[in-house]
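In the structure tokens that follow, a single protein chain appears in two forms: structure 1, then structure 2.
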Structure 1
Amino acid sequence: MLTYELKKAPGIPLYEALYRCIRGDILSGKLPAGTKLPSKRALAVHLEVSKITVEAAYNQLSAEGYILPVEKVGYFVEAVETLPAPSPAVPAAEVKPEADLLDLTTNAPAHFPFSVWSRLQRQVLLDYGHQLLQPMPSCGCLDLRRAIAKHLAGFRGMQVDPENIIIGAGTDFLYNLLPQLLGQDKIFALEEPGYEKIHRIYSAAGVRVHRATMDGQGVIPEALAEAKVLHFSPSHHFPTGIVTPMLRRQALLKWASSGENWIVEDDYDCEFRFDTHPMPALYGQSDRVVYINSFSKSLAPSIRLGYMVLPPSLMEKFRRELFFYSGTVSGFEQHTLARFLSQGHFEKHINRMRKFYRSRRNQLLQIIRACPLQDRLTIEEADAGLHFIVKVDTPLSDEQLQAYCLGLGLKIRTLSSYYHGAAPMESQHRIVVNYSGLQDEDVHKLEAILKG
């Protein structure tokens, strides 16, 4: 019977730990294709966990295609690509435990001004006291909306009325609000490739989602077909890094205004451009544009605070039809962030982080350009915010490439995995490197791995 020592790590549910163990054994070939897994009940008893835990782990494995449920019979290991056989010099291949993997798939900020934040938190409690016990306005506290308007004016050159800003508990909450505001019967278009998560959120909120074809200039207006809302990132597309140029922007603005369509401008990491300035925002150039951004990327993902700026007509609709919502962000944190912005700490932090990320990026590019595989690696989109793309000259498929990297201790995602539909040939063999969460020791580890 499968035996694992399941340690509860903070933030990792038990079922997830079990899922990772079994997935590791499947990927390493220890559990070969066709193996029947123990029954949920038997494994639960054996591992001394609840049946629910085993069930959740099996469900996730089966959702991701690692195992196949056969009704009334059991679960069988699927024929997934296992890791390539080890080269003779290396001892038996073993998938590193998740915690030991170098994760190039997510971004987490490297620094946070803890002491400033702590001081501001304390000040807010002292200064506001009982005022903090009152219900918050549903758009967020005025101090914060003013501070955001000022930040947008200084940093993005945007003229924004604080009365048109809505604060929300992260962009996910705001994405959920948008269909209620723009119409649940409308078709929403998203970039292809792009964040699968946004697709999932809009679908869960009950709207139909189309994927909009892109060329080298971004979304093609003619490809929007029946869509009435376009959600995209003109200043910087993820993951290709495409910046939509002026003429294409104008064509898309025209699409919006002439068809009474809406544009949702997702400006998600505009703070981190190194070699160029971000292009002016679309918001304000047309009254059909909603601007959306978040502090989760620029400050810390555990600060769940996003915002959107609505054109006046939509803000009026929000006040008329959705005024009943309570605010979703803690008043304590809103006031803390308001002071953080208005006292200049945010700007200082961003400047510091930009310098840090730029040097981190250059360090990585050097390592890649100097490694023995350099002839087979090409850097693309190196000004693309907190990630860049490495094109790999390899006969492996993208799945094999991913499994191969896993064997080396690298958790990666390929560009093709960001396509909702079939990924075109020219997107293959490209690794999307998210580097903002790497610590110094991680960089050394990466260097050692690449030196082989």
Structure 2
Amino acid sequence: MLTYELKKAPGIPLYEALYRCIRGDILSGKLPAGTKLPSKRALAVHLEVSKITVEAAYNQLSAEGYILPVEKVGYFVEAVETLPAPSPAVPAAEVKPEADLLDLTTNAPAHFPFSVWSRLQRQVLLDYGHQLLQPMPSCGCLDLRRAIAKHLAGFRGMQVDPENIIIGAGTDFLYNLLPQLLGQDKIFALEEPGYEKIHRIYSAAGVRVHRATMDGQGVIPEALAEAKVLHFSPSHHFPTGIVTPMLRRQALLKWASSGENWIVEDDYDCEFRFDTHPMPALYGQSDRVVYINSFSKSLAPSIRLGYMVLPPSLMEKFRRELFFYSGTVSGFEQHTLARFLSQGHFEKHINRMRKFYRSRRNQLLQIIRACPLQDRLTIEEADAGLHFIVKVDTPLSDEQLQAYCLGLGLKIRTLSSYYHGAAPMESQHRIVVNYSGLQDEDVHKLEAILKG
């Protein structure tokens, strides 16, 4: 009989705690494929929980493909890819300082639908066979482009021709195409503060990069005097969490159209806002907008699959001048993702992860608001997707604050560090908290650190 010590935790229902325990045993191989699970009633009695709790946990496991319900027989463990056994503990004397740090500087997917993904991969192998060994079109497979167009129509309200979509190995590859399409002689403007890697990619591609000043509504149009291309994230800026409102969007669209300029709309992290639905995309409101997104945050960065939607005029230029590029994503992954999207698995995964991340965020906010330092901590942009900002009332400089946190076991990054130039005073003493990759033990560790 399955035996677990179930404890209620803030923001985590009891059924989810049970679901995680059983899922962990399946992934570790402790519950091998074919194992029959106890009946809902028997397990409820054994664990001293309600039958509804067990039923909800089983339904979640079944929905994700970890177990298979057989009518009038019971529930059986499905064949899934098991996780490797943990390595032996390293003696304390050999542990590097970084190993014990709680990292709040990066995000990582909390879950991946391994069972569903592997099942679709098997189907693709059987259906396509040797066709998967053939080179892919430079724009990507048509099935995936059609699935992405349908997804954008349903989730973002965008009417996109699949023929105008380019599939690439992550956004890095797509960023590199843009100077070739838009002109290496043009000045590219990036948000200030912003993601430093984009600056490096464009600079390495040989274009001049300017930083566009922002206010509380996003990029200031007057800061684009010399620029011909604006690369920004109007629906969810990182790291500030700013959502560009309608009037500012209209001003930037006017800038793009009147001066024959271009906007690159980077729809970063748009799936994980919790307060409202994302605002309508800029793509389609002007023929001067390029749309870019990826599945790195929503699925996994290792899949390396991004996409770019070009307006018809740029797509014609791509076909005329850059069609010689080989497809950069394997057909195996493209066909698998096409089925994952078209069969509704992606939508279910996003809904599930949105609930999980909201719960995780609420957990952290509760811990911060209940800690002894609560009077010196102010939470800002709590609905900014997979991160939020904590303002610290301290006389320390940001460098000193970072060093102090390291001493406590926290690896942090301040808002001021995302500025390419001198950071303004209002950006000081603000910690950018990335939380999607935190596990349950990390949350408990953070709570212990803040309690001091």
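For residue numbers, the reference is structure 1: its sequence is counted from 1. Take the two forms, superpose them, and find the largest set of C-alpha atoms that agree within 1.5 Å; that set is the rigid core. Since we're looking at a predicted model, the values are computed, not measured.
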Checklist outcome for this item: For the form predicted together with another copy of the chain, pick structure 1
Checklist entry - C-alpha of residue 435: shift of 2 angstroms or more between the two structures, rigid core aligned? => result no
Next on the checklist: How about residue 246 - superposed on the rigid core, does its CA move between the two structures by 2 Å or more?
Outcome noted: no
Item to check | Rigid-core frame, C-alpha of residue 75, shift of 2 angstroms or more between the two structures | outcome: yes
Item to check | Cα displacement of residue 20 between the two structures, core-superposed (Å) | outcome: 33.4
